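Listed next as structure tokens is one chain, alone, in the form predicted on its own.
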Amino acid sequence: MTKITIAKGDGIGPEIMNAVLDVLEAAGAAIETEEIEIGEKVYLAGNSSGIAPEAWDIIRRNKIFLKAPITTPQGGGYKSLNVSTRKFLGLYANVRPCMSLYPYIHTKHPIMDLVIVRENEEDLYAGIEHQQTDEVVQCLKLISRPGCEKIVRYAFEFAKQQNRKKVSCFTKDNIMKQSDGLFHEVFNEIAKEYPEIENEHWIIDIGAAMLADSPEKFDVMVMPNLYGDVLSDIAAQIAGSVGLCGSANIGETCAMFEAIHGSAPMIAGQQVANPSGLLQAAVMMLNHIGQTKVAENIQNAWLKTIEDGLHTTDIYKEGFSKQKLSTNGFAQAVISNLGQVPKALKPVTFDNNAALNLPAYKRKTNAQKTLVGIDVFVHWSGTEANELAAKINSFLPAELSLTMITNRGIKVWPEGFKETFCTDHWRCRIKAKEEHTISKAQIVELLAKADAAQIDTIKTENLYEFNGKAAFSLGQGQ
């Protein structure tokens, strides 16, 4: 018997959760549930995180969390509970299977069976944003080697466990050469450890176009957080409906399982919601806790129900579906089909799957790190980069030189174009001259001189070399 935490959530959440629990009970799932309250009521009671501290304790104690959709109130000050849960519990892997159920669910892509493995903790979802000038806001994109290694290894191990043949990596490292470049580099390193699994890399834009056009080309797909968030919903929709897909969020000690759709408050209480997404999440949960026979039985019964044309309103098609069912009616149809397998759709077999082999991350030996310069970001309302360059050069010591000024990443000095539109946010790159390095004491002195010259410095970024290799990007056009 495994004790799990459940949350019925908001909107349609209680209806679909009750339906799913009925199926789990009928299928003989060996689980005991402990319920917590999260979401809108908790937010509006004054808790900006949407969850009480004692609820966190329950989730951490039970380690397995089955969650219905919640509503985050409109307005500022409310943090996403989904994002918080993933980060606080270290749920680094988001796993979303997307499979075509053609011809029983309408889709333009009858051959589609893929899994998106999305990094879940970092990237732009670190949520670190600042307004720096009147005209410019910044959002930091954080990509770490541990984050890359864990998610890429998970993708290959998942492919190995599920007897899948290929892992595709998606990045935009032709533009973000440092951050996405690290993700691609780690993918190439780890792919060598799995010679039996085909690997490939796609630039995200053409890869997304190929996914929308020919999803049958893909098997397991791994990518950073933002790309995964976007593409997983696209994949679910082109497979037939976002309402049919579940999601697993996997960490080293805890795991959360949920539908990928929202709380749909406009149809709450009407018994028209499709419980399939949360049921698919529950199947993934059962596989995760080792109850593979029960998971297999439920999944095949669900496929049989879909195949029989017993559909909820969202997927019902006049003249094709056999019967339109309520939320509870659909759950009862699945229960009636327990022990049966689909005839046209491919039955699933989970019981032979080996456990995932996910070793703990091992930190590499530190590289030799050399400070060679600094980017000083300046709030300046002037329009001529030459004027700003002259002000900075007036107080630079002989061993340092201003090598570049950019505006929104585009080089505007030296040899900038007058056509380039500039905001009030300027990056001034100052580097040590040949055979020199720069010290942090020099940086402090430099900033003091900038302040005395009435230059408004808003941020600095140290420029490093690691083992002699520059670890910072060039300016556009440099």
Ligand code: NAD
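Predicted, not measured: the structure shown is a model, and the values here were computed from it. Residues carry their position along the shown sequence, with the first being 1.
The same protein has a further form, the form predicted together with this ligand, not shown here; the description that follows concerns it.
Enquirer: Please name which of the stretches 436-444, 419-427, 62-70, 44-52 has residues with heavy atoms lying within 4.5 Å of this ligand in the predicted bound form.
Expert: Of the options given, it is 62-70.
Enquirer: Between T85, N287, T133, S263, only one gets a heavy atom within 4.5 angstroms of this ligand in the predicted bound form; which residue is that?
Expert: Result of the distance check: S263.
Enquirer: Which pick from L124, I234, I267, A390 sits with a heavy atom within 4.5 Å of this ligand in the predicted bound form?
Expert: Filtering the options by heavy-atom distance leaves I267.
Enquirer: Although the partner isn't part of this model, could you tell me whether I12 comes within 4.5 Å of this ligand in the predicted bound form, counting any heavy atom of the residue?
Expert: Contact with this ligand, yes.
Enquirer: In the predicted bound form, does M99 come within 4.5 Å of this ligand, counting heavy atoms only?
Expert: No, no contact at 4.5 Å.
Enquirer: How about V152: is it within 4.5 Å of this ligand in the predicted bound form, going by heavy atoms?
Expert: Taking the distances in the predicted bound form, the answer for V152 is no, it never comes within 4.5 Å of this ligand.
Enquirer: Is there any non-hydrogen atom of I116 lying within 4.5 Å of this ligand in the predicted bound form?
Expert: Close contact is absent here: in the predicted bound form, I116 is far from this ligand, nothing within 4.5 Å, heavy atoms only.
Enquirer: Out of 224-242, which residues reach within 4.5 Å of this ligand in the predicted bound form, heavy atoms considered?
Expert: Residue within 4.5 Å: V242, and no other.
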